[in-house]
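To begin, one chain is listed below as C-alpha coordinates, in the form predicted on its own.
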(Lines give C-alpha, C1' and ligand atoms only; values in the text may rest on other atoms or scores of the structure.)
Protein backbone atom coordinates (compact mmCIF):
# COMPACT_ATOMS: atom_id res chain seq x y z
CA UNK A 1 0.00 0.00 0.00
CA UNK A 2 1.22 3.50 -0.78
CA UNK A 3 1.54 6.41 1.59
CA UNK A 4 0.83 9.84 0.10
CA UNK A 5 2.54 12.96 1.44
CA UNK A 6 4.14 16.26 0.43
CA UNK A 7 7.47 16.22 -1.34
CA UNK A 8 10.54 17.03 0.79
CA UNK A 9 13.91 18.17 -0.60
CA UNK A 10 15.59 14.96 0.56
CA UNK A 11 13.22 13.06 -1.79
CA UNK A 12 15.26 14.28 -4.79
CA UNK A 13 17.63 11.35 -4.39
CA UNK A 14 14.70 8.92 -4.43
CA UNK A 15 12.96 9.92 -7.69
CA UNK A 16 15.13 7.89 -10.05
CA UNK A 17 12.87 4.79 -10.00
CA UNK A 18 10.10 6.96 -11.41
CA UNK A 19 12.24 8.94 -13.85
CA UNK A 20 13.80 5.98 -15.69
CA UNK A 21 10.81 5.74 -18.03
CA UNK A 22 11.70 7.35 -21.41
CA UNK A 23 8.29 9.06 -21.49
CA UNK A 24 8.87 10.75 -18.12
CA UNK A 25 10.46 14.18 -18.26
CA UNK A 26 13.46 14.56 -15.98
CA UNK A 27 14.33 18.06 -14.85
CA UNK A 28 17.28 19.81 -13.29
CA UNK A 29 17.34 19.76 -9.50
CA UNK A 30 16.60 23.48 -9.32
CA UNK A 31 13.33 22.94 -11.20
CA UNK A 32 12.06 20.46 -8.60
CA UNK A 33 13.09 22.79 -5.80
CA UNK A 34 11.34 25.72 -7.49
CA UNK A 35 8.05 23.78 -7.36
CA UNK A 36 8.73 22.84 -3.76
CA UNK A 37 9.30 26.51 -2.89
CA UNK A 38 6.36 27.98 -4.85
CA UNK A 39 3.68 25.27 -4.69
CA UNK A 40 4.66 22.89 -1.85
CA UNK A 41 1.13 21.56 -1.33
CA UNK A 42 0.87 20.68 -5.03
CA UNK A 43 4.05 18.57 -5.10
CA UNK A 44 3.03 15.18 -3.73
CA UNK A 45 4.79 11.83 -3.58
CA UNK A 46 3.66 8.26 -3.08
CA UNK A 47 6.02 6.00 -1.18
CA UNK A 48 5.99 2.28 -0.52
CA UNK A 49 6.28 0.61 2.88
CA UNK A 50 10.09 0.86 2.66
CA UNK A 51 10.09 4.61 2.03
CA UNK A 52 10.88 4.32 -1.69
CA UNK A 53 9.26 6.97 -3.89
CA UNK A 54 7.04 5.05 -6.32
CA UNK A 55 5.15 8.01 -7.77
CA UNK A 56 4.90 11.76 -7.69
CA UNK A 57 3.00 14.71 -9.10
CA UNK A 58 4.19 18.29 -9.55
CA UNK A 59 1.51 20.90 -10.08
CA UNK A 60 0.73 24.56 -9.84
CA UNK A 61 -2.10 27.10 -9.93
CA UNK A 62 -1.54 29.96 -12.35
CA UNK A 63 -2.81 32.14 -15.16
CA UNK A 64 -1.02 33.69 -18.11
CA UNK A 65 0.72 37.00 -17.39
CA UNK A 66 -1.65 39.98 -17.62
CA UNK A 67 0.24 41.37 -20.60
CA UNK A 68 -1.28 38.49 -22.63
CA UNK A 69 -4.82 39.03 -21.37
CA UNK A 70 -6.16 39.90 -24.83
CA UNK A 71 -4.25 37.16 -26.67
CA UNK A 72 -6.22 34.25 -28.10
CA UNK A 73 -3.82 32.01 -26.17
CA UNK A 74 -4.41 33.62 -22.76
CA UNK A 75 -5.06 31.09 -19.99
CA UNK A 76 -7.29 32.13 -17.09
CA UNK A 77 -6.73 30.87 -13.54
CA UNK A 78 -6.20 27.11 -13.77
CA UNK A 79 -4.39 24.13 -12.30
CA UNK A 80 -1.55 22.59 -14.26
CA UNK A 81 0.03 19.15 -14.02
CA UNK A 82 3.71 19.65 -14.76
CA UNK A 83 4.66 16.02 -14.15
CA UNK A 84 2.99 12.88 -12.91
CA UNK A 85 4.72 9.53 -12.99
CA UNK A 86 4.64 6.15 -11.29
CA UNK A 87 7.51 3.66 -11.04
CA UNK A 88 7.04 0.67 -13.39
CA UNK A 89 6.58 -1.85 -10.56
CA UNK A 90 3.81 0.27 -9.00
CA UNK A 91 1.74 0.92 -12.11
CA UNK A 92 -1.86 -0.18 -12.52
CA UNK A 93 -2.46 0.14 -8.78
CA UNK A 94 -4.34 3.45 -8.96
CA UNK A 95 -1.46 5.60 -7.69
CA UNK A 96 -1.39 7.90 -10.72
CA UNK A 97 -5.14 8.33 -10.52
CA UNK A 98 -5.03 9.23 -6.82
CA UNK A 99 -2.21 11.72 -7.33
CA UNK A 100 -4.09 13.33 -10.22
CA UNK A 101 -7.35 13.48 -8.25
CA UNK A 102 -5.51 15.21 -5.39
CA UNK A 103 -4.34 17.95 -7.76
CA UNK A 104 -7.81 18.26 -9.29
CA UNK A 105 -9.25 18.73 -5.79
CA UNK A 106 -6.64 21.42 -5.08
CA UNK A 107 -7.66 23.12 -8.34
CA UNK A 108 -11.30 23.09 -7.27
CA UNK A 109 -10.34 24.42 -3.81
CA UNK A 110 -8.36 27.18 -5.53
CA UNK A 111 -11.35 28.07 -7.72
CA UNK A 112 -9.55 27.16 -10.96
CA UNK A 113 -11.46 26.97 -14.24
CA UNK A 114 -9.78 23.80 -15.47
CA UNK A 115 -6.77 21.58 -15.06
CA UNK A 116 -4.40 20.98 -17.95
CA UNK A 117 -1.25 19.07 -18.88
CA UNK A 118 1.00 18.38 -21.84
CA UNK A 119 1.56 14.83 -23.07
CA UNK A 120 3.54 13.43 -25.98
CA UNK A 121 1.33 12.43 -28.93
CA UNK A 122 3.09 9.04 -28.94
CA UNK A 123 2.33 8.34 -25.26
CA UNK A 124 -0.84 6.42 -26.04
CA UNK A 125 -1.14 4.79 -22.61
CA UNK A 126 -1.01 8.16 -20.84
CA UNK A 127 -3.51 9.69 -23.28
CA UNK A 128 -5.92 6.81 -22.68
CA UNK A 129 -5.41 7.17 -18.91
CA UNK A 130 -6.21 10.90 -18.99
CA UNK A 131 -9.23 10.38 -21.26
CA UNK A 132 -10.58 7.80 -18.79
CA UNK A 133 -10.40 10.53 -16.13
CA UNK A 134 -12.36 13.05 -18.22
CA UNK A 135 -9.55 14.93 -19.96
CA UNK A 136 -9.82 15.86 -23.62
CA UNK A 137 -7.45 17.30 -26.19
CA UNK A 138 -7.70 21.09 -26.26
CA UNK A 139 -4.97 21.74 -28.85
CA UNK A 140 -1.84 20.33 -30.45
CA UNK A 141 1.41 22.08 -29.60
CA UNK A 142 3.70 21.53 -32.58
CA UNK A 143 7.28 20.48 -31.81
CA UNK A 144 6.76 21.02 -28.07
CA UNK A 145 9.31 18.41 -27.00
CA UNK A 146 12.93 18.87 -28.07
CA UNK A 147 13.36 15.16 -28.70
CA UNK A 148 11.25 12.27 -29.92
CA UNK A 149 10.51 9.33 -27.61
CA UNK A 150 10.10 6.65 -30.29
CA UNK A 151 12.01 7.89 -33.36
CA UNK A 152 15.65 8.93 -32.81
CA UNK A 153 15.81 10.40 -36.32
CA UNK A 154 13.30 13.08 -35.33
CA UNK A 155 14.41 16.28 -33.58
CA UNK A 156 11.10 17.05 -31.90
CA UNK A 157 7.69 15.73 -31.01
CA UNK A 158 4.24 17.30 -30.82
CA UNK A 159 2.29 17.46 -27.58
CA UNK A 160 -1.38 17.37 -26.78
CA UNK A 161 -2.55 20.06 -24.40
CA UNK A 162 -5.22 18.12 -22.53
CA UNK A 163 -7.79 19.69 -20.22
CA UNK A 164 -10.49 18.77 -17.80
CA UNK A 165 -13.06 21.31 -16.65
CA UNK A 166 -13.29 21.90 -12.92
CA UNK A 167 -16.36 22.86 -10.87
CA UNK A 168 -16.01 26.58 -11.67
CA UNK A 169 -16.41 25.94 -15.41
CA UNK A 170 -20.09 25.04 -15.24
CA UNK A 171 -20.67 25.93 -18.91
CA UNK A 172 -17.56 24.01 -20.07
CA UNK A 173 -16.18 27.15 -21.74
CA UNK A 174 -12.53 26.12 -21.44
CA UNK A 175 -12.60 22.79 -23.26
CA UNK A 176 -13.39 21.76 -26.83
CA UNK A 177 -14.33 18.58 -28.63
CA UNK A 178 -12.19 19.15 -31.74
CA UNK A 179 -8.85 19.91 -30.09
CA UNK A 180 -6.82 17.85 -32.56
CA UNK A 181 -7.75 20.40 -35.25
CA UNK A 182 -6.27 23.33 -33.30
CA UNK A 183 -2.51 23.61 -33.72
CA UNK A 184 -0.27 26.17 -32.02
CA UNK A 185 3.45 26.80 -31.74
CA UNK A 186 5.35 26.29 -28.49
CA UNK A 187 5.73 30.08 -28.25
CA UNK A 188 1.93 30.32 -27.92
CA UNK A 189 1.83 28.41 -24.63
CA UNK A 190 3.03 29.58 -21.23
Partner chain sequence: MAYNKYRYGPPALKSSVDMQLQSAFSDGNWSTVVRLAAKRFATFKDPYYEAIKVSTEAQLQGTAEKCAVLVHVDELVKSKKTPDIDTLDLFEWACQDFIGYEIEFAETFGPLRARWVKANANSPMAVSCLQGCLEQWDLVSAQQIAATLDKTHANSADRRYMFWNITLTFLLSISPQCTEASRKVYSLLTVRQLQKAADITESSEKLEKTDKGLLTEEEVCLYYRVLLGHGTKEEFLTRLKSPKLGAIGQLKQGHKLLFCECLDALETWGEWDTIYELCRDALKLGLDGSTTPFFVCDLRIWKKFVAAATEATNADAALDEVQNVLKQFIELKDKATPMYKKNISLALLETTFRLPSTTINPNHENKALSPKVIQIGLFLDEYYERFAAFDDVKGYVAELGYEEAKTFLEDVLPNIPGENPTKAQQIIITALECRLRYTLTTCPQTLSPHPTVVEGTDQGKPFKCRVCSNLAKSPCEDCLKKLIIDAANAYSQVAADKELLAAIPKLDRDPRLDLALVMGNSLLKLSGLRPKLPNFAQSLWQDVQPEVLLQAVLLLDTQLRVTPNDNGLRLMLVQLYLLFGCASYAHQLWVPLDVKRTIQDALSPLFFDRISSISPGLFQGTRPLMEPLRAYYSQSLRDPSPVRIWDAFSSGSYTSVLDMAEYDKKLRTSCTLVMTLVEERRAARLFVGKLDIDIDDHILATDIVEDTTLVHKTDYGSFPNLESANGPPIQDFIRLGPGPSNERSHLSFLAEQYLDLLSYTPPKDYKPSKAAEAAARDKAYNLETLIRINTSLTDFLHKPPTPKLLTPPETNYYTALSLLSALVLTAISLPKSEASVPTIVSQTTQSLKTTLTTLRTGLLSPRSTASVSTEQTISSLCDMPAFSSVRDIALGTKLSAAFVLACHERETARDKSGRSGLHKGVVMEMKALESAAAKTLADARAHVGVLKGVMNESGWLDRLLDVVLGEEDKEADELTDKVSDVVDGRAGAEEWAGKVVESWREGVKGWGMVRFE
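Residue numbers count along the first chain shown, from 1. Basically, rigid core = biggest C-alpha set you can superpose within 1.5 Å across the two forms. Worth saying up front: this structure is predicted, and the values here are computed from it rather than measured.
Unshown form predicted in complex with the partner chain; subsequent notes refer to it.
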Open item on the list: Using a 4.5 Å heavy atom cut-off, which residue among 32, 145, 135, 160 comes into contact with the partner chain in the predicted complex?
Closed with: 32
Task: Stretch in contact in the predicted complex with the partner chain, which is absent here, among 65-73, 160-168, 125-133, 48-56 (heavy atoms within 4.5 Å) - done: 48-56
Open item on the list: Please determine whether each residue of 81, 119 and 177 possesses a non-hydrogen atom within 4.5 angstroms of the partner chain in the predicted complex.
Closed with: no
- [ ] Using the partner position in the predicted complex, report whether residue 3 sits within 4.5 Å of the partner chain, counting heavy atoms only.
- [x] yes
Task: Contact label in the predicted complex: residue 10 to the partner chain, heavy atom within 4.5 Å - done: yes
- [ ] Indicate whether the partner chain has at least one heavy atom within 4.5 Å of a heavy atom of residue 95 in the predicted complex.
- [x] yes
Task: residue 152, heavy atom within 4.5 angstroms of the partner chain in the predicted complex - done: no
TODO: Pull the contact list for 11-46: residues with a heavy atom within 4.5 Å of the partner chain in the predicted complex, in sequence order.
DONE: 12, 13, 14, 15, 16, 17, 19, 20, 21, 25, 26, 27, 28, 29, 30, 32, 33, 34, 36, 37, 38, 40
- [ ] Superpose the two forms on their rigid core, then report whether the C-alpha of residue 169 is displaced by 2 angstroms or more between this form and the one not shown.
- [x] no
Open item on the list: Rigid core aligned, does the Cα position of residue 180 differ by 2 Å or more between this form and the one not shown?
Closed with: no
TODO: Using a superposition on the rigid core, decide whether the Cα position of residue 26 changes by 2 angstroms or more between this form and the one not shown.
DONE: yes
